[in-house]
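Just one chain is shown here, as structure tokens, and it is the form predicted alone.
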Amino acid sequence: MLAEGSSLEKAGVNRSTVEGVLPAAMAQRLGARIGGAAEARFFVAGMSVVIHPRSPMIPTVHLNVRYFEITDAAGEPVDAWFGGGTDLTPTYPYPDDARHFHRTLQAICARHHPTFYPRFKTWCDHYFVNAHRGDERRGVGGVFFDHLRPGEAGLDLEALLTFWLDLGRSLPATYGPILDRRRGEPWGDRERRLQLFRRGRYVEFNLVHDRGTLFGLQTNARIESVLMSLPPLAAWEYAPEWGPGTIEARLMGMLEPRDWVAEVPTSS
């Protein structure tokens, strides 16, 4: 954990390996293939990174990669898959930051398979959604995937592992330039208020919808690790309304899914 830094108000890196018994009901929720067995055993290894910057001008970023393996009672593998993703959650409406994030991800994905970015971008657009808030998106998306098994897109286990590792090491390229570009931008009470409001939405998604958080709670994982992704401060306002053209309205407009790769850059 990093906390109370000049640029990073809270940042955490989780590395975890968890194993145990997987009841049939949980296997179904996870999408695991265990046949007709009443239960199986699971092993999962993963890494999660969440950065909540101090400055509202710098977006929050999340990255997670994980590997699941399911074995039967005799210890024989019956299923295995990769999952993961990374997404950007801005407070201030800088479209150029979203374009950089998505274009860098598109280039990373294209090194491994041409269908990965469009598929996983769309998946991300529909995953990080607060359904209870009228399908409001958490941020401007990125990529997200699950149940990436050997044979997917004609790739074997080693090829999928290479992609998985490439994505897991992507933050210096996807996020580093944004952090460097925005860390010196001035901000005040209005921007901080909007940041805390949007953090409230971030908290709602993680506690209500996020699969990783729910899996951690259901498997009695270390609670400080499970809740590491939450920001240090957040706020909730009752039914806020913002006029057209305000930074708040412009930010909300940015959250609607769009083709960030194809957009023509503008100054911001």
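Note that residue numbering follows the sequence shown and begins at 1. Since this is a predicted model, take the numbers as computed values, not measurements.
There is also a form predicted in complex with a further copy of the same chain; it is not shown, and the following applies to it.
K.L.:
May I ask you to choose, among 169, 190, 132, 149, the residue with a heavy atom within 4.5 Å of a further copy of the same chain in the predicted complex?
P.N.:
The residue from 169, 190, 132, 149 that makes the contact is 132.
K.L.:
Heavy atoms within 4.5 Å of a further copy of the same chain in the predicted complex: which stretch in 200 to 208, 43 to 51, 24 to 32, 56 to 64 meets that?
P.N.:
Contact criterion met by 200 to 208 only.
K.L.:
My question is simply whether residue 78 lines the interface with a further copy of the same chain in the predicted complex - judged by any non-hydrogen atom within 4.5 Å.
P.N.:
The answer is no: residue 78 has no heavy atom within 4.5 Å of a further copy of the same chain.
K.L.:
Going by a heavy atom distance of 4.5 Å, is residue 212 a contact of a further copy of the same chain in the predicted complex?
P.N.:
Because no heavy atom of residue 212 falls inside 4.5 Å of a further copy of the same chain in the predicted complex, the answer is no.
K.L.:
Answer with yes or no whether residue 262 is in contact with a further copy of the same chain in the predicted complex, where contact means some heavy atom within 4.5 Å.
P.N.:
Looking in the predicted complex, residue contacts with a further copy of the same chain do not include residue 262, since no heavy atom lies within 4.5 Å.
K.L.:
Could you confirm whether residue 196 comes within 4.5 Å of a further copy of the same chain in the predicted complex, counting heavy atoms only?
P.N.:
Close contact exists here: in the predicted complex, residue 196 approaches a further copy of the same chain to within 4.5 Å, heavy atoms only.
K.L.:
Run the contact test on 178, 185 and 247 with a 4.5 Å heavy atom cut-off to a further copy of the same chain in the predicted complex and return yes or no.
P.N.:
Per the other structure, none of 178, 185 and 247 touch a further copy of the same chain.
K.L.:
Sequence order please: the residues of 229 to 259 with a heavy atom within 4.5 Å of a further copy of the same chain in the predicted complex.
P.N.:
Read in sequence order, the residues that approach a further copy of the same chain (within 4.5 Å, in the predicted complex) are 230, 231, 232, 233, 234, 235, 236, 237, 238, 239, 240.
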